[in-house]
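A single chain, nothing else alongside it, follows as structure tokens in the form predicted on its own.
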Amino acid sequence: MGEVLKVSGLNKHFALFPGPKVLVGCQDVHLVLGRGEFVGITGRSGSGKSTILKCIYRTYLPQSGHIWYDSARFGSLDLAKASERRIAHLRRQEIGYVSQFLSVLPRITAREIVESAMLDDGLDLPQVRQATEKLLAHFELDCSLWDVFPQTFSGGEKLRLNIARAMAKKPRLLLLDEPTASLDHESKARVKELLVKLKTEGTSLLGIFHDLEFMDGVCDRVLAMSAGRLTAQNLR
């Protein structure tokens, strides 16, 4: 199968002010993700799960450790030490990130958000428009919302749009930070359907979940996290 991601000895902490207090994000994390594999991480809130994903995506810069990623463009690359230019390229072309929150420019419509993700891949506009509408319809975003600025969307609508944007790119590696947090049962089923499709097409996925039922039938392995450490290396 081969490895697309190998995390070793990862440590991240945060200095709290005022005073010399230090908050541990994650410590001595070791993790391997194979090509086309889906690994889930579960644990209590505050255990450090999101810190791992944000270090991989380089939202956070770790204090120590290595994050080896097998890039289609650059080959084996340590994301903990890669240049900002390379990280920007990987975010555009290879690594997707879905969080519970949607962060976009204030005057860009739902349709444009998804279209812009596909245009980065060099597809022509008619193809992009057709694929965008198919994705938005799949996630049951009412067509009356497609040309609206998403600041007015509900939490569930924003999350569905965020997932659609990430999936539009068909990334090599997809990071999922509670992607089903505010979704109803039917929306969760639609998310699961597309995640399985991405996986069969070769995308490797690493996700954080509290919804253990959602993980059934989609995750190849489930890891547990507590107090900043991965405490179990295979729960199923």
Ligand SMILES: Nc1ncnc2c1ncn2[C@@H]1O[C@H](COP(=O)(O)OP(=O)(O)O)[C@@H](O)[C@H]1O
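Quick caveat: nothing in here was measured; it's all calculated off a predicted structure. Throughout, we count residues from 1 along the sequence that is shown.
The same protein has a further form, the form predicted together with this ligand, not shown here; the description that follows concerns it.
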When this ligand is placed as it is in the predicted bound form, which of 185-193, 198-206, 65-73, 47-55 ends up with heavy atoms within 4.5 Å of it?
47-55
Please check if Leu212 has a heavy atom lying within 4.5 Å of any heavy atom of this ligand in the predicted bound form.
no
I'd like to know whether Val24 contacts this ligand in the predicted bound form, with contact meaning heavy atoms within 4.5 angstroms.
yes
